[in-house]
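Here we start with a single chain on its own, the form predicted alone, put down as structure tokens.
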Amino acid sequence: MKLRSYFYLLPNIVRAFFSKPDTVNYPSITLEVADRFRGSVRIKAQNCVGCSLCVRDCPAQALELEKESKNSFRLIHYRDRCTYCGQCELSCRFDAIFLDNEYDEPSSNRAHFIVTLVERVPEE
């Protein structure tokens, strides 16, 4: 019985030795991404008014708005929760939040995945 399974595996092993790898040698080779690739959440801070529409509509709860007053707020993005679906971009009436095709840097520390997108403190 074992001998038959070796004969079954032999052609697959030979094929694997003589075929090109399915992976790319990233980061030594620049990776071509699709035009519609959504890689990271970005914001135009001057357009953000703290209306919380993006926070309300985020299905992954990846956005949080800490509001102290009408003009004082902080918009926080949790990259590890985000599914990059683009709902925040669709919900924003002020064209403040958008997705681009840049890669987010990988990390093993969770603190690197919590990003403050906007921090607005009123001037006194």
Partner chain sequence: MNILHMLFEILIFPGFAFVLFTALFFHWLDRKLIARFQGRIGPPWYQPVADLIKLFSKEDILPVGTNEVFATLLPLVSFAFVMTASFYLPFAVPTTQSFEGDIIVVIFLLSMPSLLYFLAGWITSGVYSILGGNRSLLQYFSYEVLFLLAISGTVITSGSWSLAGIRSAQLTSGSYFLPQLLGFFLTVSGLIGKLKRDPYDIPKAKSEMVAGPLTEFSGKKLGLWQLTNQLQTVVGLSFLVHTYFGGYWQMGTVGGFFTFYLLLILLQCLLSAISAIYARFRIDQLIRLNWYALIPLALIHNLFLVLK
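Because the structure is a prediction, the values reported are computed rather than measured. Superpose the two forms; the largest set of C-alphas matching within 1.5 Å is the rigid core. Positions refer to the first chain, counted from 1.
Just so it is clear, the following notes concern the form predicted together with the partner chain, a form of the same protein that is not shown.
**Student:** Does Pro106 reach the partner chain in the model of the complex if we count a contact as any heavy atom within 4.5 Å?
**Tutor:** Taking the distances in the model of the complex, the answer for Pro106 is no, it never comes within 4.5 Å of the partner chain.
**Student:** Heavy atom to heavy atom, is Asn25 within 4.5 Å of the partner chain in the model of the complex?
**Tutor:** The answer is yes: Asn25 has a heavy atom within 4.5 Å of the partner chain.
**Student:** Could you tell me if Ser19 has a non-hydrogen atom within 4.5 Å of the partner chain in the model of the complex?
**Tutor:** Taking the distances in the model of the complex, the answer for Ser19 is yes, it comes within 4.5 Å of the partner chain.
**Student:** Is the C-alpha displacement of Pro27 equal to or greater than 2 Å between this form and the one not shown once the rigid core has been superposed?
**Tutor:** Passes the 2 Å threshold, so yes.
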